[in-house]
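Shown here is one chain on its own, the form predicted alone, set out as C-alpha cells.
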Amino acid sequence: MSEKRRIKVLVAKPGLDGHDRGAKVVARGLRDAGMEVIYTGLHQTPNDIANTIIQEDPDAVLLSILSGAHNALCPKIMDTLKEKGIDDVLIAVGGIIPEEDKDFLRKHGLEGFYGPGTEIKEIVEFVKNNLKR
C-alpha cells in the first residue's frame, strides 16, 4: 500500500440493533487517526454490507453489534462476502461478544473483537497491523 494512500475503513451496523454511539465514536477515532471512514448507518443487512464493500472497496470492515445477534449475523455476513468473491478485507467486530463465542466467530473469518471500553488506539493499531492488502 502506498504511503500516501489512507487506510479506508467501513463501519457497519448489521441487524436491528439501534445503538450506534459506540460505532460513531470508533468512526471518529479512526478519522482522527488519519483513516478514511465510511459509516453505513443503522439496520444494514448482510447483503447491504457486502454491496457497500464492493462499492467502496475498504481495506477493513468493523462491524458493530450490541443486540446479541453476532452468532447469527456475522457468519451470514461472511458467507455473503464469500459468495460475492470478497476475501481480501480485514473484518472485525465490536460490541458485547462473550469470550465463549469468539472461537466460533474466528472460524467464520472474523479477526478482532472489541467491546465497550476498548481504547481507540488499540483498534487503530489492530487495523494498521492486520490489513490483508
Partner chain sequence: MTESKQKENVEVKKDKKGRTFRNLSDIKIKQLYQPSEISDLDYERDLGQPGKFPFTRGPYSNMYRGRLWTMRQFAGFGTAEQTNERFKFLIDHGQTGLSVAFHLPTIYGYESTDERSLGEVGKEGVAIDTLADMETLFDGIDLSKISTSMTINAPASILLAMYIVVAEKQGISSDKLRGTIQNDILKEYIAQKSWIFPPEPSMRLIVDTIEYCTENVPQWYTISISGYHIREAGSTAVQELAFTLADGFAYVKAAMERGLDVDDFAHRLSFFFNAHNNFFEEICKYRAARRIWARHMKNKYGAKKPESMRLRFHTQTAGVSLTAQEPENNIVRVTLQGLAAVLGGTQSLHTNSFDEALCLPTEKAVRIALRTQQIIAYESGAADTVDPLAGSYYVEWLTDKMEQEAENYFSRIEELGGVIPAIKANFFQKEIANASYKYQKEVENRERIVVGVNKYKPEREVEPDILKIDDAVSEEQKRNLVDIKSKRDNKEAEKTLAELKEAAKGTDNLMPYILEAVRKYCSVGEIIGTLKEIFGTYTEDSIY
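Everything numeric here is computed off the predicted structure, so don't read it as measured data. Positions refer to the first chain, counted from 1.
Heads up, the form predicted in complex with its partner chain isn't pictured, but that's what we're talking about next.
- The three residues G15, V25 and G117 all sit with a heavy atom within 4.5 Å of its partner chain in the model of the complex.
- A residue is said to contact a partner when one of its heavy atoms sits within 4.5 Å of a partner heavy atom; K84 fails this definition for its partner chain in the model of the complex, lying far away.
- At least one heavy atom of R31 is located within 4.5 Å of its partner chain in the model of the complex.
- Contact check for D88: no non-hydrogen atom falls within 4.5 Å of its partner chain in the model of the complex.
- Shown alone here, L73 lies within 4.5 Å of its partner chain in the model of the complex, counting heavy atoms only.
- The partner is not shown here, but in the model of the complex the stretch 72 to 102 reaches within 4.5 angstroms of its partner chain through a heavy atom at A72, L73, K76, I96, P98, E99, E100, D101.
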